[in-house]
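In the block that follows, a single chain appears as structure tokens, in the form predicted on its own.
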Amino acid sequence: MFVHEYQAKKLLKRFGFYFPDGEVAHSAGEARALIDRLSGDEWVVKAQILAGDRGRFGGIRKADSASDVEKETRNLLGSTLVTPQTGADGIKVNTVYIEQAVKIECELYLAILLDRYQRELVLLASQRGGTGIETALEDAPDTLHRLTLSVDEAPDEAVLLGLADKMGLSGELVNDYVDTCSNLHRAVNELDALSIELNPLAVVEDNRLATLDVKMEIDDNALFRHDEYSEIRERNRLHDRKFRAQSGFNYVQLEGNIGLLVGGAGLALATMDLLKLHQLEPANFLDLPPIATRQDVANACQTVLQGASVDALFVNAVGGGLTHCDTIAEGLITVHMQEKIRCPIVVRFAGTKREHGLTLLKNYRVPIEHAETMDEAIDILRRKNRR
């Protein structure tokens, strides 16, 4: 589960990180009203989407008056922000975070993440931080320092002192940096995070370290341990397409026009290969797990259909596990009753509750074309293909 910047900062506050004053706004009027509660005389208006590179593509804007804050908030809310991490369709901005502007002396990069292959925590640090960090580190890979950390034991202070020296820090900033690294390690463990990235971690005008932006991913398998995540999960599910793509299924957006709703990763990959073999382009990878519910299917279907490039939807499911074909059908019916599916729908069902699923779709008048075999499905899709 990914979380927005303002949500991540709220979660991290109890671990001793320093953030400039900031609050969330959902309207221009709300943004203007909260300025009286924030410190300083300059602010930053930040679009809250689950993607990086916001600053380079207009998602972070400076304001030096309450009226400017209101104007920039109005410009951002409801707009679609497109960055290299959103895909061509972009993500709609529903929330902004208004934060006190600070004078930055230098920007650093600091992150702790789980290395799944080595089954260990890894700390990454660089003197280069801020916008375009990926490109900067590609150009100068020797500036990225990597430390292996124990999950159970706090990082060695002597090692962190050496790392602070490599960051070019001195005086009180050294202790501040060591504390920040230790606090970050504790936060990763206590929050059950797969990764927390502070970028930039900035030296600001009062000679202290300030966390100006945060990316955080929480382990879905640990959600049951954290009641505080339920509100975050529900709020993001309602407003963010990319978040819905993490809610009960695996989703990757692609550049094609054939939307895929497929049960199982293996079948999804085989379906994509078959489309490519016949010069058809998949719009996404999507893997419904074997325990998907009707609502999971509906969320998945909505996510696929919101892609502007989707000209047809191919539903390819083999009923098994706890998700049978009738559950897939119920999810499609839910979406169709809410918003009417207007693109062609090709359905191939096999396995448990196949006939029942097809009967449900017929009874609820979902306009599908049924394919008995993959060859039939491909023939129908080729006829419907607009490219």
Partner chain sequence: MSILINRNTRVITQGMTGKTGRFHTGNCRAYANGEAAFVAGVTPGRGGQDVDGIPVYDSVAEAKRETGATVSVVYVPPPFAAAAIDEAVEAELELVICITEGIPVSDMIKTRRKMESSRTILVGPNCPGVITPDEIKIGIMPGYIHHKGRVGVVSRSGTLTYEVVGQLRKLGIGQSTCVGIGGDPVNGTKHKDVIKWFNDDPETDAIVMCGEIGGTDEEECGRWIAENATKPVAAFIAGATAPPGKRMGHAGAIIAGGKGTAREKISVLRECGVHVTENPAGIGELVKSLIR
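Numbering follows the first chain given and starts at 1. Small disclaimer: the values here were computed from a predicted structure and weren't measured. The term rigid core refers to the maximal set of C-alpha atoms that superpose within 1.5 Å between the two forms.
What follows is about the form predicted together with the partner chain, which we do not show.
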> Judged by heavy atoms and a 4.5 Å cut-off, are Leu114, Ala270 and Lys276 together in contact with the partner chain in the predicted bound form?
Replying inline: yes
> Of the options Arg208, Lys103, Arg186, Arg225, which one has a non-hydrogen atom that comes within 4.5 Å of the partner chain in the predicted bound form?
Replying inline: Arg225
>> Please tell me which of Val151, Leu161, Ala140, Ala88 lies within 4.5 Å of the partner chain in the predicted bound form, judged by heavy atoms.
In response: Val151
> Heavy atoms within 4.5 Å of the partner chain in the predicted bound form: which of the stretches 174-182, 92-100, 297-305, 282-290 has them?
Replying inline: 282-290
> Hey, in the predicted bound form, is Asp375 touching the partner chain, heavy atoms inside 4.5 Å?
Replying inline: yes
> Would Pro155 show up as a contact with the partner chain in the predicted bound form if we use heavy atoms at 4.5 Å?
Replying inline: no
> Does the partner chain get within 4.5 angstroms of any non-hydrogen atom of Asn250 in the predicted bound form?
Replying inline: yes
>> With a cut-off of 4.5 Å between heavy atoms, is Glu217 one of the residues that contacts the partner chain in the predicted bound form?
In response: yes
> Relative to the partner chain in the predicted bound form, which residues of 345-371 have a heavy atom no more than 4.5 Å away?
Replying inline: Arg348, Gly351, Thr352
> Can we say the CA of Phe349 moves by at least 2 Å between the shown form and the other one when the core is superposed?
Replying inline: yes
>> Quick check: Leu11 between the shown form and the other one - does its CA shift reach 2 Å or more after fitting the rigid core?
In response: no
>> After core superposition, I'd like to know whether Val315 moves between the shown form and the other one (criterion: C-alpha shift of 2 angstroms or more).
In response: yes
